[in-house]
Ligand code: GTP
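To begin, one chain is listed below as structure tokens, in the form predicted on its own.
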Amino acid sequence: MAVGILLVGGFGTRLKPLTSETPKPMLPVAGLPVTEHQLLAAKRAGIHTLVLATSYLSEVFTPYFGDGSKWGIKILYAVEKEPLGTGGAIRNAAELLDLESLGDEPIVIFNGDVLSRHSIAEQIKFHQAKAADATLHLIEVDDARAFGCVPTDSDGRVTAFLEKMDNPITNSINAGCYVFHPSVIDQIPLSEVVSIERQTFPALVGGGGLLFGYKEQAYWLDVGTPAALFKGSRDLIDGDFHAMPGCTIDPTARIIGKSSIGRNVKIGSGVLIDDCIIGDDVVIGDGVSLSHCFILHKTLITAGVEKSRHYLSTAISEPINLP
């Protein structure tokens, strides 16, 4: 068994304007918020308690997830008053966990930007078998220049935690899912801005700590840009489209391009939807044509509208172009 902390406090700057009203981790991918995909992965790995480390638009999470009983997992909420960095956010969230009572029970840290199909359960087993202080999920990429790279020795022990460089010494990169022994949390100062990547991990390596890399070349995607968000949604859909329960779709409507349709959406006659992400409770009038559009929850699109590469929302007077 294990507990988890999910970092969902980011501003989602690269996803503006999609994140103007909705926090990045609550944007839908294949019909579900990114956070729900991660919660389901945590549940499958045997995590029984998950703390959501929130900040920006934190009030959006609680009405949706509640206490977690719907998913059979206990959910707690830690709200940062001021941004504390990744390490500071982890330390702040851990205040809701009784670290002393955990003993050696692992703490799994999730990055709210990432969709991953790697086996968290196997990562936990690897961590425990190595009696590690911390274990990072590592993946290989063709070009590591855009990432910090993480070299390891023949036993899997991390030998350095390096920033972006023009000539990376390895193509193994940090994939954003960590397993911590509770003692590592105690080493992070409370109520201070701390970067887990720039401070905590290098300090562990430099101080002789047991920091290991768990390598599994599974599906992995950072959904931090509009293009990546659409890709992630398409990747999770089989067939031309996916519709959540409660939808009413006129038989003359055409939905293609691996479009994602949220709950309780009404789609009129003669509609064309191609490569779109449609939120919940959306009404799309007759004859509407949408291509590569993101439609926020509870939006009404009147009959005859034709839009391509737009963000549509009830909260804005004019549609905004997507990059």
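Numbering starts at 1 and follows the sequence shown. Just so it is clear, the structure is predicted and the values come from calculations on it, not from any experiment.
Below: the form predicted together with ligand GTP, not depicted.
Of the candidates Asp133, Glu105, Asp113, Glu216, Asp113 is the one whose heavy atoms come within 4.5 Å of ligand GTP in the predicted bound form; the others do not. Proximity to ligand GTP in the predicted bound form, taken as heavy atoms within 4.5 Å, picks out 82-90 from the listed stretches 116-124, 142-150, 162-170, 82-90. The candidate spot formed by Leu7, Gly12 and Ala53 is fully in contact with ligand GTP in the predicted bound form: every one of the three has a heavy atom within 4.5 Å.
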